[in-house]
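One chain comes next, on its own, written as structure tokens: the form predicted on its own.
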């Protein structure tokens, strides 16, 4: 699905958070929204998700205005996304209750396999590692067959090795499913590794400072000169060029 942000302005009381955000996201595109902590990235994601009404402007998805949350568009959070009292299969099946039992079974099996949790179907979240819980959250989001995925710093709480593994997992799933993805992060390496385009946000009130197309095929070699040049251009854009 195509997503369009038109003249989004937002404030909390007297604090202006977002300033004149205009952005088009193509169907099946992977877009990272990058910016410093507290700049308004998550607010923008909550607006497109229908949880927050912008002070001005509108978001349209396939030319329909966003007026509230929609089960066709699913959030994946950094934490708190899985139900601790349900096992892996029950978590994945949570949003599938309207489907026939056979279709529920097919989707559960498909996504357990896809995210590498085969053998853990009856494990509870407390029995899973951080990376496994995050894969479970992605599986649960995909099982309901959403048109758009919103990911709000989903790997921020993981250690560096698990983050790299999860990025590879997410890319593999995206290449298989081709969902439209909006991914919020403050990690420059993460954004260049994942995205078709990186939307660089300014300090609050957040504006779109620059949009950087990442014209490198997947899988991306982190030592490739083109990768390094794009990464360093983003560091320069946010004023950290001499610290790289």
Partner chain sequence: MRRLVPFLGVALAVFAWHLAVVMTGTRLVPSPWAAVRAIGELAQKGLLLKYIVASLFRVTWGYFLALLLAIPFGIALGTWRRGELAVNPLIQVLRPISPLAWIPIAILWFGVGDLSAVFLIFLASFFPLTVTAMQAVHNIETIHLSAGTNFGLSRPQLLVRVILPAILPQLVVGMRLALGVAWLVVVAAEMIAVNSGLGFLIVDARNAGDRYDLVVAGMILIGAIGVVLDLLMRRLETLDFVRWGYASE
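Numbering follows the first chain given and starts at 1. Only a predicted model underlies this, so the values are computations on that prediction, with no experimental measurement involved.
Only in words, not in the display: the form predicted in complex with its partner chain, which the text now covers.
Checking 116, 131, 156, 81 against its partner chain in the model of the complex, a heavy atom within 4.5 Å turns up for just one residue: 81. Taking a 4.5 Å heavy atom cutoff to its partner chain in the model of the complex, the contact residue among 69, 65, 213, 38 is 69. Contact with its partner chain in the model of the complex, judged as any non-hydrogen atom within 4.5 angstroms, is confined among 157 to 165, 95 to 103, 170 to 178, 108 to 116 to 95 to 103. The closest non-hydrogen atom of residue 120 lies beyond 4.5 Å of its partner chain in the model of the complex.
Contact check for residue 151: every heavy atom lies farther than 4.5 Å from its partner chain in the model of the complex.
Interface membership of residue 73, defined by any non-hydrogen atom within 4.5 Å of its partner chain in the model of the complex, is confirmed.
Looking at residue 135, you'd find every heavy atom of it more than 4.5 angstroms from its partner chain in the model of the complex.
In this stretch, 24 to 39, not one residue has a heavy atom within 4.5 Å of its partner chain in the model of the complex; the partner itself is omitted from this view.
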